[in-house]
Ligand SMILES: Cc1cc2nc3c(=O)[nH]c(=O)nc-3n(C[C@H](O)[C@H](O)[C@H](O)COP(=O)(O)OP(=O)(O)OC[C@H]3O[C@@H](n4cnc5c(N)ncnc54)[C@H](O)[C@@H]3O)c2cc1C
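Next up: a single chain in structure tokens, the form predicted alone.
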């Protein structure tokens, strides 16, 4: 039998991947390889020119770039075999990876694989935005890369599309690097970021237009204006020199999809059980590849928990029991974990169900386990806000798990 190149290989050097690798080393896993396609670790945090990052992980506050450097130094200090500039192009069912690097293509075999490839913002094509294709249309990630790595600001008076937490981050990046946004536009009736973060546009004097959609992008060579229509039919033309597309994240799950492993249709990421284990029990996933999107700190803690679960799993044969799917009613948007597998350990890496809602809804959220209601809570539920429901004892041994919702007028 071929000797594996590593006990575990982690794909992705963001907060989740680094935390998982460190956790495995601390649990006694000898050979841990961490692969990242970039030349430095940190994931998306590398180009975030703002704080706070790292308080819970490292006991102090970092800006994004410094946090990424701290992650890299922590990984090296833990004795992890860090390999930057390595892109994984294929996942084998037996744990063998095809990897591309500057020297060519190589094959790596591991006993367990962890996928932490993160998420990406929806580009213009995915948003089906009309109009011409002038210069000045970028996502938050592109904007922050321009600023952090090249010292460039691609516009001075952009319109920001979206109101998620990352939208507020984009606004802050603009304000601190010489740009003054003209407006923030959101398609839903309310901002998606929680207070106090959603106060930032008002405090900065940036008009906020809810229930509005972009119907035209004006300009041939460069963005000159954005035409929006509000819910009441009122049409406005906002003169600007750029359009900043924020939010609407999608998990970077192409590797998992191309390998034929199950993707969850609601999250867009790999289907995982209570320990982050995929349909193929040699593979695990953690961080924002599971669902869009959580903070760097959340991804770090989740990666650490899944890394600990992988270390336990390496001491035994891969769990072969078939999982059951966790079901849910509308307007629940997603549930993580979306699978439950019997025969796991006493401690779950994902100790709570994580839910999102598609729209604002008032009503009662209930968790049924084998037909018995074990949790219920009434309230006003809003889109893109994390909802946590603790896993009840014995839920992993159930045959039917269903989140129901009774809407109230």
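Numbering follows the first chain given and starts at 1. In this text the structure is predicted, and so the values were computed from the model without any measurement.
This protein has a second form, the form predicted in complex with the ligand, left out of what is shown; the following refers to that one.
Asks: For the chain shown here without its partner, which stretch in 23 to 31, 374 to 382, 361 to 369, 44 to 52 has non-hydrogen atoms within 4.5 angstroms of the ligand in the predicted bound form?
Replies: It is 44 to 52 that comes within 4.5 Å of the partner.
Asks: Pick from 340, 35, 350, 355: which residue has any heavy atom within 4.5 angstroms of the ligand in the predicted bound form?
Replies: Checked against the cut-off, the match is 35.
Asks: Name the single residue among 174, 336, 255, 305 that comes within 4.5 Å of the ligand in the predicted bound form, judging by heavy atoms.
Replies: None of the others qualify; the residue that does is 255.
Asks: Considering non-hydrogen atoms and a 4.5 Å limit, does the ligand approach residue 270 in the predicted bound form?
Replies: No, no contact at 4.5 Å.
Asks: I'd like to know if residue 299 sits close to the ligand in the predicted bound form, meaning any non-hydrogen atom pair within 4.5 angstroms.
Replies: Contact with the ligand, yes.
Asks: So in the predicted bound form, does any heavy atom of residue 207 sit within 4.5 Å of the ligand?
Replies: Residue 207: no, not in contact with the ligand in the predicted bound form.
Asks: Is there a heavy atom of residue 11 lying 4.5 Å or less from a heavy atom of the ligand in the predicted bound form?
Replies: Yes.
Asks: Which residues from 62 to 99 come close to the ligand in the predicted bound form, meaning a heavy atom within 4.5 Å?
Replies: If the 4.5 Å heavy-atom criterion is applied to the ligand in the predicted bound form, 62 to 99 yields 86, 87, 88.
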